[in-house]
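So this first bit is one chain, no partners, the form predicted alone, shown in structure tokens.
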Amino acid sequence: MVTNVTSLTRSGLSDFLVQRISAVIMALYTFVVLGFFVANPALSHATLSGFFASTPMLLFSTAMVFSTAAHAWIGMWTIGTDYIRDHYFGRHSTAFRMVYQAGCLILIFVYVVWALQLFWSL
């Protein structure tokens, strides 16, 4: 069982479920956006802005942003805990892993803030 404080849910099963559910949300979002582009071949800026400014798309976009963040954090945490170990990095592996995880967390935070600002400022 995952007991590390930097794990998203502190449970391997919960992390697994969050990873899978977030992947489904991201896939659905991709299909919806691609479907919109296919259904509107003569797309104008006004049509595209109206589509993304609609309340359902704003909420769906917000869910997609948070899903991407959760999905990325679990994936990057798994990579960090699997590959930044004493065997490879010696006795400083914990420090390297914490720097790596802090960097990932900062990048994910910037992504979330930037994406939400982009979607909600239309």
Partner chain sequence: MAVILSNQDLNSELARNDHNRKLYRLECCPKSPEEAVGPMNKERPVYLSLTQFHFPVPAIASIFHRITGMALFVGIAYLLWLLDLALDSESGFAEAGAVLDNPLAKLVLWGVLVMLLYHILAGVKHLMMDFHIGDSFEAASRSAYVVYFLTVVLAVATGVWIW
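Numbering follows the first chain given and starts at 1. Because the structure is predicted, anything quoted here is derived from the model rather than measured.
Just so it is clear, the following notes concern the form predicted together with its partner chain, a form of the same protein that is not shown.
**Q** In the predicted bound form, is there a heavy atom of its partner chain that lies within 4.5 Å of any heavy atom of Val24, even though the partner is absent here?
**A** Val24: yes, in contact with its partner chain in the predicted bound form.
**Q** So, in the predicted bound form, is Val99 in contact with its partner chain at a 4.5 angstroms heavy atom limit?
**A** No.
**Q** Is there a non-hydrogen atom of Ser93 within 4.5 angstroms of a non-hydrogen atom of its partner chain in the predicted bound form?
**A** Heavy-atom contact with its partner chain at 4.5 Å: absent for Ser93.
**Q** Flag Thr62 as yes or no: does it have a non-hydrogen atom within 4.5 angstroms of any non-hydrogen atom of its partner chain in the predicted bound form?
**A** Outside the cut-off, so no.
**Q** Counting only heavy atoms, which residues in 18-38 are within 4.5 Å of its partner chain in the predicted bound form?
**A** Sequence-ordered list: Arg20, Val24, Ala27, Thr30, Leu34, Phe37, Val38.
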